[in-house]
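This document starts with one chain, in the form predicted alone, laid out as structure tokens.
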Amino acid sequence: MADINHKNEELNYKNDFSEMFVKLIDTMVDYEHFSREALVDALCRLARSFRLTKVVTEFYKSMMDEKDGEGETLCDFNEGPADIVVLKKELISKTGAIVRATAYAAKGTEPLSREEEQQLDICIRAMMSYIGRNRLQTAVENLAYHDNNGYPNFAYFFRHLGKMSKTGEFFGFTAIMYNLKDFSDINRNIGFEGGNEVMKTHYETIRDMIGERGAVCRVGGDNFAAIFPNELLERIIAFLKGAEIIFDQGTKGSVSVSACAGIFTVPGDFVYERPGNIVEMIQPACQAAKVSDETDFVYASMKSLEDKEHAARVRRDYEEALKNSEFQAYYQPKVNVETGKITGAEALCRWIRDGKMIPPMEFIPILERSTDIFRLDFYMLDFVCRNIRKWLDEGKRVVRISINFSRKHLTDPKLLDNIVAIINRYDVPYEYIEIELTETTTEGDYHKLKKLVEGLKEIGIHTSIDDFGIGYSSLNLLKDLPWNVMKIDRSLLPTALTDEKDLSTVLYKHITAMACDMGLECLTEGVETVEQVQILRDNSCEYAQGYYFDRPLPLEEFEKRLEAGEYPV
């Protein structure tokens, strides 16, 4: 009878252990409804069944962390004196992470049986495996979605946008990218430690405003991005406009922090395809806010997205257009206002695609964002030289043609050689070529521009300073560089005959007089009326270019104008 009772007790124990162990494993793998309380309860029940008083686990990401004591210690079961080490286990992962578990019992506690030792070993291993996996998963999560300073990063932001896309939540939300203004000055004034505290507090304030209804991340440096419900926008903007941030709790030292931001309130017809759709809206707007003299907050719109798509189309079609010679030179005559004689022309680029003309403002600024403009400028020079060679070979009248070159070319040390090589290829006399260059404001570009203009002057190629009067360094450029021609921007030309004391008249008069005194050819752009022609005559500006005489003309029409030779004056 005693044997039967013993076997029943043994069977009940085994059943109890199996039930408790299954409960432990179930709580570990129930990711959808995970409950830490349930897990701790299962562990405590098992610990009691083994007559333990304390169980301690340790986790270190590496041996170096263990050596430095930089790890994590957990003790969810502690119900008595830890006099005896019952079991101690250590696991080292392939990545070098260390998980250690130690089970204790009180002095005088009945020792574990062989079977209990095996069962406890299984439980401890399962627990260590679970802790190691979860801690490593957390470490990987932090590494992937946080930067070195612990801020959520762009990957975190992208992941959040991806989650939002699955529920279609974008309508009713606003995305922003913001930059903390003059943060380098803050670091200089209060030190990097104080600056880090200010940035952290500023970020945490935004994060707490948004809560679970959105996300905020650090893009890099002092730049952040966020997305949140529209109703929070006014409050967040008010905070970004300026807030006192405490950096020293002891002295209550504080600094004022403000930001500039690009803002995109997502419209109902917005189509999300990838995280970049959102970032492409707020990033350029933030950049525009950073350089704006008028506002710290720039709102992006669907039009800006359409502009980006248009720019992408232009860049995509550009190569094919060059290959198919879709770019044409249209010539706008330059006219002597006293005689009406055509003395030259400016070659202006026109893109003819599928029988339609694409306006220059729709593609030139886009190409100027990259080195694509280089090939177009050389293409135009080649085009003009071919035309001049044709006129010379046919015995037609030839005038000097000016070709625009982007300021970006100044980065090319072989620019002068490349210009001359194209002209020489067609054996065009240098006197028929004029290179138009706009002003530059940087010291490095200034020296490069000076070298180029001097080089062209030395071999007999004319140069003109284009759009004179709308830049910042016009007078220095006139003083130091040997230009042949000054082209006065249309914005400086009075619209009609006015009193001599009118400011626009006075300014124009002195600019033209200065050009004459310096021995420069003086040409005014944008001449559209007979009154403006008279203004040029009254102020000794000898040459005009504008719609009063002619618009830019295709090759055949320009050749007819050259044949006629002059306009009635």
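If you're wondering where the values come from, they're calculated on a predicted model, not measured in any experiment. Numbers follow the displayed sequence, beginning with 1.
Below, we turn to the form predicted in complex with a small molecule, even though it does not appear here.
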4.5 Å heavy atom contact, D65 to the small molecule in the model of the complex | no
Is it the case that F224, even though its partner is missing from this view, gets within 4.5 Å of the small molecule in the model of the complex, heavy atoms only?
no
- Can you check whether H310 is within 4.5 Å of the small molecule in the model of the complex, heavy atom basis? no
Counting only non-hydrogen atoms and a 4.5 angstroms cut-off, does E528 reach the small molecule in the model of the complex?
yes
Testing 248-256, 447-455, 80-88, 354-362 against the small molecule in the model of the complex with a 4.5 Å heavy atom criterion leaves exactly one stretch, namely 354-362
### Task
State yes only if every one of E58, D76 and C123 has a non-hydrogen atom within 4.5 Å of the small molecule in the model of the complex; otherwise state no.
no
Residue within 4.5 Å of the small molecule in the model of the complex by heavy atom, from H202, R400, H160, R490, is R490
Assert contact residue (the small molecule, in the model of the complex, non-hydrogen atom within 4.5 Å, options I210, I373, L478, A321) equals I373
